[in-house]
Every structure is written in structure tokens, then in C-alpha cells.
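Okay, here we've got a single chain as C-alpha cells, the form predicted alone, with questions on binding and movement later.
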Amino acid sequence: MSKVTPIAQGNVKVTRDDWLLAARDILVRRGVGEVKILTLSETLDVSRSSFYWYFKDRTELLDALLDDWEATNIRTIIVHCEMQASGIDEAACNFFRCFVNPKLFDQRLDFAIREWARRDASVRSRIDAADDARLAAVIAMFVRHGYAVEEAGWRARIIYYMQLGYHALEVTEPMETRMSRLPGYLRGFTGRDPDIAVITAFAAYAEQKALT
């Protein structure tokens, strides 16, 4: 999450996206309890009254944050699981693209929403629905590449839960080290010998995104 730059009052009109970006930044760094209209107005260096140009109240802002999260962190994974692929190795690497490219999936936002869900049952239901939708996409990905539904189900859970756990544990390692383990990971996830050409192409993609 990029740091929000204060906007000089009276010089630039603050947009709805500015308010959302500021709210998302505070949510990720400090939790939902600190997403307050006064805090946001001070961050953006504008009057609180300008907030009401775009939102009826704080509840509407929080709902917009959840909608924004769903549009990015859920839809992106589904789209990448549905991409055409030469085989299950390439399909799995399409899934992994979401997690090596921070522009595709904001892991800090995802876990901020999960932390919020611990205190709000309605948010918990949206998290559960998100996990169900993501898992359904991964299961369908395996089925398209020849796996029986039951096997696709447990393989999808292995790859999905491992990926979320990888970020939850805040594992830090050089991308080169991470890519060196990819052949073994793919063999474990798919039960098949991996395609080296697919691994090479994905490693190049991951390295490029790590540098940007």
C-alpha cells in the first residue's frame, strides 16, 4: 500500500478515490477502528464536510472498502484461474501470478479484512464467501485439466491454503530461492512432473515483478 500524500486544501479537489485510498491505507496499517472521518480528513488535509460529497456516513465508506476489496482480491484470482493454459503447470502458475505481482493481489489488505472479520459477523460472511469463490475457481481449474472433482477439491485446498499461509507467516526469502523450490511445489500440488519451460517462463515473470 502506497503512502497517502496529503493534499493541500483549496488547491486540489479531493476525489472519492482519494478518500478510499486513505481509508484503505489506515485500515491496513492501523485496523478498521481507526478508519474515522476526522482521521481521514486530517490525512488528506481537507475539511470533514468534503467527505459527505461522496459518502452518506462512515458505514457507507466501510461498505465501499469491502466492495473495492472484493473487486480486486477476489475477482483477480478468479480471472487468473480461468486463463487459458497449456496444462495444469501453466494454470497453477497463472494462479501464482496473483501473489508475486502486488498490483494483482494486495495481501496486506486481505489480512486486514480478515482481522476486521474477527469483530464483525457481516464481514466474516463476506470473507467466507470470498474464500468459497476463490476455491471454486481453483477447483474448476484442476477439473479443466483432467482431475476428478474429488481430487480437484483437495488439491485446490492444498494450493490455496498453502498460498494464504505463506503470506500469513510473512515468509521472506529471495525470489531466486523461492523459484528454486517451484518444481517441487508444482509436483506436490499437481502430482505430475512439472514442465520446465513453464517454470522458466514463470520465474522470469516473477523476477520482473520483484524488480518493479
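Source: prediction; values computed, not measured. In this text, residue numbers run from 1 along the sequence as written. If you superpose the two forms and keep the largest set of C-alpha atoms that fall within 1.5 Å, you have the rigid core.
There is another form of the same protein, the form predicted in complex with the DNA; it is not shown, and what comes next is about it.
- For the residues His167, Arg30, Lys36, Arg144, the 4.5 Å heavy atom test against the DNA in the model of the complex is passed only by Lys36.
- Proximity to the DNA in the model of the complex, taken as heavy atoms within 4.5 Å, picks out 48-56 from the listed stretches 66-74, 48-56, 22-30, 155-163.
- Once the rigid core is used as the reference frame, the Cα position of Tyr52 differs between the shown form and the other one by 2 Å or more.
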